[in-house]
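Next comes just one chain, in structure tokens: the form predicted alone.
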């Protein structure tokens, strides 16, 4: 088991922020990444559809004998995680519980904001996860759908992005939050703009970082950390033509992506 790869999947490129953090914490681990680019975004799909997509993605990775599944998609984590945990006899890590746990541990006032896709916010998964840990927490969750295309366009510091952030985050500032969970794997790339809009007193919770910590902790607890000097380069798979994924993904990782293979999940 320790020598097997970790399987990571997302609806597109956003989960690369999770992969990047896992690589940083666990440089000896081999990684397989699947981006379901033919069916992105998941955030506007019904829960039943997202569960089906997640099962197909997980099946693709488990056929390649991975030792762990990382659901690097907030929408899929919110509606499909339990089903995947029950179906597969291997660890399954989502992005919601790690982010919620960190938010509860750092908030000073109990006023916690969550931003994400429509699907993630509508599911109430972050609110439920936070309330489970801190029943008295005051949680405000808001969808911010325009952030994803802005990130993929590379407009991380663009004036349009700043104006969009001010519009979206206004209600959270008015509510007096002291902690904000970035409930979409695209959003860590907007940290600078979000921090400028909210002010330095608000703590930003990067779900990609927290998920990587959860992955490392689980592997160490189960003694499944790979004992090697260095890992092979990650293998990347997509369900649509790879050109856009390679271009945007290179910006996410800060380096050119190697070969990306197009596959069919049917």
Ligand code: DGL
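Numbering follows the first chain given and starts at 1. Because the structure is predicted, anything quoted here is derived from the model rather than measured.
Below, we turn to the form predicted together with D-glutamic acid (DGL), even though it does not appear here.
- A heavy atom within 4.5 Å of D-glutamic acid (DGL) in the predicted bound form is found for exactly one of 169, 139, 180, 148: 148.
- Contact with D-glutamic acid (DGL) in the predicted bound form, defined as a heavy atom within 4.5 Å, holds for exactly one of 31, 61, 40, 238, namely 40.
- The candidate stretches are 99 to 107, 80 to 88, 114 to 122, 192 to 200, and the one lying within 4.5 Å of D-glutamic acid (DGL) in the predicted bound form by heavy atoms is 114 to 122.
- Contact annotation: residue 184 falls within 4.5 Å of D-glutamic acid (DGL) in the predicted bound form, judged by heavy atom distances.
- Contacts to D-glutamic acid (DGL) in the predicted bound form (heavy atom within 4.5 Å) from stretch 3 to 17: 10, 11.
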